[in-house]
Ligand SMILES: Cc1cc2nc3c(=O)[nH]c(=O)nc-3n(C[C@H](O)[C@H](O)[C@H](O)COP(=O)(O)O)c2cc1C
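We begin with a single chain expressed as structure tokens, specifically the form predicted on its own.
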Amino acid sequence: MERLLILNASPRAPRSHSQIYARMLADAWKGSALCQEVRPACHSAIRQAIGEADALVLVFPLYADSLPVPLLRLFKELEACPPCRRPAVSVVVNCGFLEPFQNDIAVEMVRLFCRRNGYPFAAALEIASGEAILDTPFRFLAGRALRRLARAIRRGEHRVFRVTMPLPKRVFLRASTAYWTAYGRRFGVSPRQMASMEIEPGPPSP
């Protein structure tokens, strides 16, 4: 039975949506699957686990159209100290946008790492509306896509899967605006403050 290693590279790994996706993928694998959070203290153990795995899946959220810092740090470590063998790499990336193609650049970045470091690239799943889809009746779409990804990895298929909530964009924007407005209100932050580019108040004027 092929051994699958699933790495959760979310900065909020223990309480992240990536954690849920990793567990759903492990359940869909129907075999030996190990889920591991990506933290600097675990890099040595991760490198050994990669060398023992038959397939590797990176699960992470999209951060500013790019890869999250924990994954970038792991890539740097693997370039400096590569594992004893390099399994095929697949990707599960989720973003808060409605369009799955927003994840394309992040997938290409992983492909580039694989190409430069001798890892075969297998398959990818791009999940849109990833912050919300798990809490809606459309959760089954994400589960179905993860099962398809698991089958593709097992068969050695090079495919890209995409999934999102089947909603008109205006409905998605209205619902997401209402969610974030209510979320900000809980912490005393107004919509105007959330729309500002200012992260912290600047120094007082002289």
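What you see is a predicted model, and the numbers here were worked out from it, not measured in a lab. Don't overthink the numbering: it's just position in the shown sequence, from 1.
One more form of this protein should be noted, the form predicted together with this ligand, which is absent from this view; the next part is about it.
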Are any of the heavy atoms in Tyr63 no more than 4.5 Å from a heavy atom of this ligand in the predicted bound form? yes
Indicate whether this ligand has at least one heavy atom within 4.5 Å of a heavy atom of Phe97 in the predicted bound form. yes
In the predicted bound form, does Glu131 come within 4.5 Å of this ligand, counting heavy atoms only? yes
Is the gap between Arg23 and this ligand in the predicted bound form 4.5 Å or less for some heavy atom pair? no
Tell me, please, which stretch of 54-62, 29-37, 147-155, 162-170 lies within 4.5 angstroms of this ligand in the predicted bound form when heavy atoms are compared? 54-62
Residues in 16-52 close to this ligand in the predicted bound form, defined by a heavy atom within 4.5 Å, in order: Ser16, His17, Ser18
